[in-house]
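Just one chain is shown here, as structure tokens, and it is the form predicted alone.
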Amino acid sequence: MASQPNLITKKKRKLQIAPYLFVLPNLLIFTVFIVVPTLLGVIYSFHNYDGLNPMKFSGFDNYAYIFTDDKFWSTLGKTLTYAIIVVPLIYACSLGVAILLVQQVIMKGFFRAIFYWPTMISFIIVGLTWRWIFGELGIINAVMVAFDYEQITFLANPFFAKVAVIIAAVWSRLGFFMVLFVAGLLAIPKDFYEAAHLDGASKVKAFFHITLPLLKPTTLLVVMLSMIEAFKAYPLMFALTGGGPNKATTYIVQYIYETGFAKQELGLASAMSVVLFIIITIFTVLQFKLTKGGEN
């Protein structure tokens, strides 16, 4: 029969091991589907590789080529412009909707579900949906024709195509970030607002001096996630505009995809992916430093 101290030691060991066992399935999935492909991508980036023939080591040739590839940098600049526009829009819209839906509104849960619903469908479906709205034979042109206005080829015009992509991106992600803001708003103690009201502070002052500062951690998370998503945007654009017209909505991930699979230059595409990863990491670290980790 085991002594009492041995039983206590076994129980302690089980309790110490239990958290690792819970994490293990997720760790295995993360390793197989994220870590291993990432490491393979880094290895490919130092080789000439077309996916069919054996790899040939090329050192830093792929990286040297990227720094002279004007198309890569112009596409990256286009992606940055898209991110600079779409991230503040997502932030403002999701925060605005969250503020409205934490008030005493009839059917509040229904409206929250309506705004959240687009996040549950794939970007391909979102793109096709908005293509049906903005397309030449889409609903907007049908309404314009019904009122004797000329049709507008939204998706054939570079400006309108970019606007359509931004509208679709904001619509598809608004609900997800709204949920984060709702959680952040509900965590703010009501006592702060009551004290501000007794001091004669207006709702606008309370928003800027109480709500925004206390939402700083949520704001950091929303900006970081939406910025990363903006740099990685591809399926929605592919379904909505196909990257056109005249490459106007071809962003960096689509350019990397075309380099890797259309031109069969997997080594070069892997090097581009590594460069993009480094750029996103730099942006994330800068955001984290500038906001002091979201501390109030």
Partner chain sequence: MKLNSKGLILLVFTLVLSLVVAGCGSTNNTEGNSSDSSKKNVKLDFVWFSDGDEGKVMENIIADYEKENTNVDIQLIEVAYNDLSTKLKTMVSGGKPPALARISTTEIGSFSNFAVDLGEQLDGVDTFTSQFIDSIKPYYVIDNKVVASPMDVTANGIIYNKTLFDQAGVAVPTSSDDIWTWDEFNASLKEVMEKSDAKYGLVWDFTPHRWSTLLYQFGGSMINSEGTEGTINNEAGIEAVNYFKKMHDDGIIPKSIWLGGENPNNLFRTGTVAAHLSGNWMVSNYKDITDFEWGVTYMPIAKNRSSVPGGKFVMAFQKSGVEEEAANFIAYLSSKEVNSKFNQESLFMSPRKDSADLDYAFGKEMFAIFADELNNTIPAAAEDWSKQTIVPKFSSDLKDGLVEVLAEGATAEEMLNDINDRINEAIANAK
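Numbering follows the first chain given and starts at 1. Remember, it's a predicted structure, so these values are computed and weren't measured experimentally.
The form predicted in complex with its partner chain exists for this protein as well; it is not shown, and the discussion that follows is about that form.
Shown here without its partner, the chain carries 20, 131 and 262, all of which come within 4.5 Å of its partner chain in the predicted bound form through at least one heavy atom. Taking non-hydrogen atoms only, residue 53 approaches its partner chain to within 4.5 angstroms in the predicted bound form. For residue 121, no non-hydrogen atom is located within 4.5 Å of its partner chain in the predicted bound form, even though that partner is not displayed. Its partner chain is not drawn, but in the predicted bound form it has no heavy atom within 4.5 Å of residue 34.
Under a 4.5 angstroms non-hydrogen atom cutoff, its partner chain in the predicted bound form lacks residue 39 among its neighbouring residues.
Across the options 180-188, 210-218, 90-98, 153-161, residues that bring heavy atoms within 4.5 Å of its partner chain in the predicted bound form belong to 153-161.
For the candidate set 198, 107, 137, 143, a heavy atom within 4.5 Å of its partner chain in the predicted bound form is found for exactly one residue, namely 137. Comment: its partner chain is not present in this chain, but in the predicted bound form one of 286, 15, 24, 278 has a heavy atom within 4.5 Å of it, namely 24.
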